[in-house]
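Presented below, as structure tokens, is a lone chain in the form predicted alone.
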Amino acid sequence: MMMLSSKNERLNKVIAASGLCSRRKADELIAQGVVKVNGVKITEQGFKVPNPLSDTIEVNGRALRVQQTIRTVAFYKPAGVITTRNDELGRKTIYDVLPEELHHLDPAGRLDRKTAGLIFLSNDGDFLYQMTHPKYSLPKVYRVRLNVPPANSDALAAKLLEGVFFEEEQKWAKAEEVFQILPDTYGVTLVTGMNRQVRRMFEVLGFDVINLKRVSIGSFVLSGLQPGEWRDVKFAEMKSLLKAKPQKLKAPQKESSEKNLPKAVPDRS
């Protein structure tokens, strides 16, 4: 966790602490003249907010909610829940699983309803930006179980690495790394984030994905958590996961049951 000072904090940092955007984007908004502090338009770069936790800060007329504590958590998203705050169909969301104390945090990216695994949630705008912007190409590793073992594992891996064509987007999608774990189970590393990319890549090649779990993002590996559980991420971990290479799955991992979701648990580190 990081803390905002109670007085004289840079405006771009305060905006980022609300989770609205990164500090770089905040500087752009300030330059555009759409930021007000206590009703006064601010265009000065480097302006310091006298009382960040009590002053009124608006961006495009929207008042920001600034948290003193900048917090990031790692969450083991269970299969069967939506990565959103509200679902128009009334389906269960990640916020139905997470405790109320974490409801002010925003997810850094998404996993589809059927996919389980690692998601970060944060109110740090810089972190959310770096986790989701394509220019950072942050590698993500998925454990994929297929409906049937492929007849030729090497040929399947070669096709995934070469890339498959998605008609809907008229784009090629490929894996950065593919490795076999079990006859019907693979590890797949992606640096892109197209909609349902892993499932669709295998579907193009004639396979159905019957179990999909994201097991790591950057150097951060999903371990020590069960579906529905979470823990706080230390600031040093946040910095290192954006720099280090992903860790490869080298051995089979025992699948956790996701039928009965345990309650979220606090940081046990």
Ligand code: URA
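Since the model is a prediction, treat every value here as computed from it, not as a measurement. We number the residues from 1 along the sequence you see.
Unshown form predicted together with the named molecule; subsequent notes refer to it.
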{"item": "Proximity to the named molecule in the predicted bound form (heavy atom, within 4.5 Å), stretch among 145-153, 193-201, 101-109, 120-128", "value": "193-201"}
{"item": "Any non-hydrogen atom of Leu212 within 4.5 angstroms of the named molecule in the predicted bound form", "value": "yes"}
{"item": "is_contact(Thr115, the named molecule) in the predicted bound form, heavy atom dist at most 4.5 Å", "value": "yes"}
